[in-house]
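Only one chain comes next, encoded as C-alpha cells, the form predicted alone.
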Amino acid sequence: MKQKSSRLVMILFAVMTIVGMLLSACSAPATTAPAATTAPAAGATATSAPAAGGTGLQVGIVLPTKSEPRWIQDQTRFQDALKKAGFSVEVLFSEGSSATEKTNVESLLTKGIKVLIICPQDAVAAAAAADEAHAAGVKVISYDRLIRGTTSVDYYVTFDSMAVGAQQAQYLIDHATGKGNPLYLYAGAATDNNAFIFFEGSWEKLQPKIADGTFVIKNSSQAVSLQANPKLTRDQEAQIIGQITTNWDFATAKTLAEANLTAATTADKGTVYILAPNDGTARSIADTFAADKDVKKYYVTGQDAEKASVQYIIDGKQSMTVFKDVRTLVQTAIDASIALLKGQPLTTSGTYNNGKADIPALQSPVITVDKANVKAVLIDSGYYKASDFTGLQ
C-alpha cells in the first residue's frame, strides 16, 4: 500500500510539471523593465529633449551662485528659451568655488556638450576649464564676466561694462556741488575682471573731479596716491581694489563701510558720495551710512536693478542703479549658442583683451535708473510688475 502511494505521488508530480511547462509556453512574453534614469548632478537642472537630429546634451551653462537673484533669473531664462528652441541644456552653479566650477565644466563635457556658456567665479582660474573645453572641441562663450589669460574663449557676451562704471560716476558728479565733497570708493571682487572694468569706467569720469577738488577720497590711501593719474594700469587698479573690495558680498561691504566710518572724522561725513559697485553691496553700505548720526545725506550708486534696490530707490534709500536688461544679455548668449551649433557666423561689436588675446564681444547697452524714471524703465517696459513694489507713483 505504501509503495502504491509513492508511485501515485510521482505520477501526479510529473503531470503537474508537464502542464506548467505548457502554460508557460503559451503565456505572453514578459516585458523588459524600463532603464533607470539618472538624477541631475547637485545644482543642476533637468535637461530638455535634444533638438531634432541631435543627440545628448548640447549646451552647458555654469553660473556663479544661487545666492543672488540675478543668476536664478538667468537660469530660468536660459532653460526656457533653449528648450523652446529645441535644444537640450543643463545649468550648474559654482557657489563661490573655482574648484566646483571646474568640476561642473568637466561634468558637462562628459555629457557631450557642443557649447559651454560660463560666467567665471575667478577670471584667471576659469582659464583652465576653458582650455579643457576647447581641447574637447567645445565652443566657449564667456558670459557677463571675461575669462582671462587664455585663447580658449570664442566670444564674450557682456554689457558695456565701461559704461556701467561711467554712468555710476556721472550720477555722483551730477549731484555734487562745490568743492571738498567726501567720496567713498567701493569695488567688486578682485578675482572678477568686471570689477576692474567697472572701476576703470568710474575712475576715468571721477578723476578730473578729484583733481579739481570737487571730490576728496576718504577711504583709500592707494587711490589718494594715484589720484593725479587720469588712467590707471591694471596693477594700479589692483592696488586700489585691494583696499576697497566688497568681494560682491553684502556682509563684507557692511563691515568695510563700518570700518571706514569709524576711521573717518566728522568733517569726512555730512553729505557724502558713495561709489558702490552693485545693488546688493549698495544696500548694505547705504544702511551703514544711514545709521551714522554724522552722515546727513548720501548719494550711493548700484547696478543690476534688483527688486530690493528698486524698492530702496522708491523709498529714497538708494540713489540709482544701472539697469542691465538681463533678458537682452541672455538672449544674446542664446542666439550666439544657436548660431555656433548651426555653424552660422556671428556679428560682433568690438573686442576685450583678456591678457592673452582680443576676444570678440557681443555687447548690450545699459541705462541709468533713479526715482525719476524707475517706473518708465522698469515697470512700463514689463521688466517688473507695479504690484511688486509699494509707494510707486
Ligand code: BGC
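Note that the coordinates shown come from a computational prediction; the quantities given were computed from them, not determined experimentally. The first residue of the shown sequence is 1; numbering continues from there.
There is also a form predicted together with the ligand; it is not shown, and the following applies to it.
From the list 174 to 182, 191 to 199, 259 to 267, 283 to 291, the contact stretch for the ligand in the predicted bound form under a 4.5 Å heavy atom rule is 191 to 199. With a 4.5 Å cutoff on heavy atoms, residue 218 does not count as touching the ligand in the predicted bound form; it lies far away. The ligand in the predicted bound form comes within 4.5 Å of a heavy atom belonging to residue 278. In the predicted bound form, the ligand stays beyond 4.5 Å of every heavy atom belonging to residue 335. The ligand is not shown here, but in the predicted bound form it comes within 4.5 Å of a heavy atom of residue 248. Taking a 4.5 Å heavy atom cutoff to the ligand in the predicted bound form, the contact residue among 142, 104, 303, 318 is 303.
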